[in-house]
Structures are given as structure tokens and as C-alpha cells.
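Shown here is one chain on its own, the form predicted on its own, set out as C-alpha cells.
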Amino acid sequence: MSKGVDEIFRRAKEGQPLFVERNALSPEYVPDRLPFRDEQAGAVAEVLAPVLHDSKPSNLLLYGKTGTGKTAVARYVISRLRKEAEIKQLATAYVNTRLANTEYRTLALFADALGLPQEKRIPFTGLAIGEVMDRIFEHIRLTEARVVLVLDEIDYLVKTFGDETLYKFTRSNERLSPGFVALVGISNDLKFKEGLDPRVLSSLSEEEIVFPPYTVDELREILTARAKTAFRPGVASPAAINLCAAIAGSEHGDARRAIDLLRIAGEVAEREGLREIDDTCIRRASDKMEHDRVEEALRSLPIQNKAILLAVSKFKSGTNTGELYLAYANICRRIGIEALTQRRVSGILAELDLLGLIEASVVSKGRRGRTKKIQLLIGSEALQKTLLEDAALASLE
């Protein structure tokens, strides 16, 4: 075993690295200029500009499909706002709620960004949500902080844990004065607001900006600029960049996928000892990304969604909603959670369909009406292996 590892390290030392600045192809990288997003960046800046006059700006929601530049624009504008602001009380925070994974962790990361004093720090676990919010609000009130909070994938927070936390933030400013919290929500779901409580909608009083997908030509220019920073000259040829842009452009103009694809293709080429990225490297990178995307999507699902997917996986040739619900209810009983209503399960099936994990199509049965035919679109063995990593489902193994 050690010989194999040593051989890998020897090849790595002897080979010429293809990357100059690998970070330029990472999701966290924010370039000095955001091509084709000047209009959206300007609109976000217009909404947040009142902070510079010590006034609370409107809450803001940024919509658009994955990889359309929402997060990059938000982080870029926030960084520029910090540079321009003269008020010492300005505080900014960015939290991705899906990566935080829980409501408690989302609030704890927000508190860390605010810099709560040691005696008021939020522990890794152990406090009630109400106590965590009270500590955050007390700190903002005592320091008179003017806070801009960016909640990325805000729809995940609301769909998984409800909208009570969002409601408290939107109604908090009276008790925080002269401090305040302005929210910038980022969502891939254009229908995100439809599930909000009317009280939240009323107090949110937000402005909205929709981000269109990138075209293939725009993706090509974005990749060309990133490649110049990330690679040695000649590593990413125009042909390689064109192929990456074409693959990502066929999937709704996803710049994040295009950049990741180029980075992974560069890593494949580097491991193979090549001097430039070729078509084979890009195809292998695309296959790896698809596999990783499915696993990541599965691991991030709420427990009810996982139970429904496991129920679907029991039917090799597909099933209908009635049979599926019985299998799902049995799984819930075995793992000790309460089964959702059939109507809610139908809604989750639609969400899983959008994620590309299942296909739920309506089939006519003539005079007997219509039913849904539900079919798993990914390998059942890989699905079960990934889902059974969840401690709550481990007993099903």
C-alpha cells in the first residue's frame, strides 16, 4: 500500500503543476469584476445604499437558477459596501443555510459573524432557539449595530424548519433601534414566497431581483477570464473552454457548474501528467460531477424526503401514489417519525421530480381516472447506501 501512495506523491513532485491560482476556480472566489452582472449588481447596490446614510434599507430577495451569479453578486456588493461605509457600527454576515444544515447552526454562524462577547457566545449545541435569538438581538441593540444579513438558500431554511425565525427577524427592528437587521435572501425557487405565512409576507416588505441564466457565449467569456488567472498559459485551450461552456450552457446556463467542470478537468489532467486539458479530461470531470451532485443532493435532504425516496426504491419497475404511501408510512413507523399526509407527500414527490431524483408522471387509467406513476431515476443500491449513512435511517439496514 505504501508503495502505491509513494508512487502517487513521486509523480506529483516530478510533474509540472498546471494550476497557478487554484482558488480562482473555487465557489468562494469573488473576482474583481463580474461579467454580465453589472445591471444586477447595480440594483443590489441601489437597495443597500441607504446603509451609507445610517438608514435601514429594504429587505431584498435574489432569485434565479443555480449558477446564475446570485451569491457572487451579493458577496461582491457586500464587500464594496464595507469598503465605502464610514459608520463603525456596520456589520455584515453571510450564511448558507443548506451548508449550515440546521436552524440552530444558521443562527450560531450569524452570531459568530457579529462577534458576540465571550460570555454570550453561542455554544455548538445546548441552547433553545429563542435564547440564541435573544442573545443576537441583545448584542445588536447594545452595540447599535447596522446589520446586513445574507441568507443563501433561504428557501431551504423555511421549507425545512418553518418561517418563524424569518418572521422574528423581519419584526425585530423596533426592539433593536437604533440598530437594525436588513435581510438579503437568495433562492433558486421562484415560488419560495408562496409557502410563507401571510404575517411574514407582510413584514418582509422586500424588493426582488431575478437573475437570468448565462448564455453559452457569456459562459465562454467567464471561463476564459477565470482560466487566465487559474492556469499556466496554454493549459486551457479555447477548444476546452468551449466544451465546458457548451456542457454547462445546455444545463440552464449554470456558471458554477462550468467553473467546477474546468477545475476538475484541470485536476484530472494534472494527475495524468498532461500538459493541457483535453476532451477526455472534461468528459471524465463531467461524469464525476454528476455522481457527486446526486450524492450531495441525497445527503442534504430532510428526513421525510429521505424516507419517501427509500420507499420509491423498493419498487424496481415503478409504483403509484397509493402503494408508495403505504411503503412510506411503514418506513416512518419503523424509524419512529410521524408520517405526513398524502397531500404533503405528493408535494415532496414534485420537489424530488424537480431535483431529477425521480420521475412522477400522471398516467390516464381511462374511466378509472388518473394516477401518478413514480419511477426512481438513480441506482437504488447507491441511493440506499447513501441514505443509510443517516443515523436516523441506519436501523433499516
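In this text, residue numbers run from 1 along the sequence as written. Computed from a predicted model, the values in this text were never measured in an experiment.
There is another form of this protein, the form predicted in complex with a small molecule, and it is not shown here; the text below is about that form.
Just to be sure I understand the contacts: of R344, R33, H53, R334, which is the one whose heavy atoms reach within 4.5 angstroms of the small molecule in the predicted bound form?
After the contact test, the surviving option is R33.
Can you check whether A269 is within 4.5 Å of the small molecule in the predicted bound form, heavy atom basis?
Judged by the heavy-atom cut-off of 4.5 Å, A269 is well away from the small molecule in the predicted bound form.
Flag R226 as yes or no: does it have a non-hydrogen atom within 4.5 angstroms of any non-hydrogen atom of the small molecule in the predicted bound form?
Contact check for R226: yes, within 4.5 Å of the small molecule in the predicted bound form.
Give a yes/no on whether N305 approaches the small molecule to within 4.5 Å in the predicted bound form, heavy atoms considered.
Outside the cut-off, so no.
Give a yes/no on whether N188 approaches the small molecule to within 4.5 Å in the predicted bound form, heavy atoms considered.
Yes, N188 lies within 4.5 Å of the small molecule in the predicted bound form.
Indicate whether the candidate residues V77, L81 and L149 are all in contact with the small molecule in the predicted bound form, with contact defined as any heavy atom within 4.5 Å.
Not a single listed residue reaches the small molecule in the predicted bound form, so no.
Could you tell me which stretch in 353-361, 23-31, 336-344, 45-53 has residues with non-hydrogen atoms within 4.5 Å of the small molecule in the predicted bound form?
Contact criterion met by 23-31 only.
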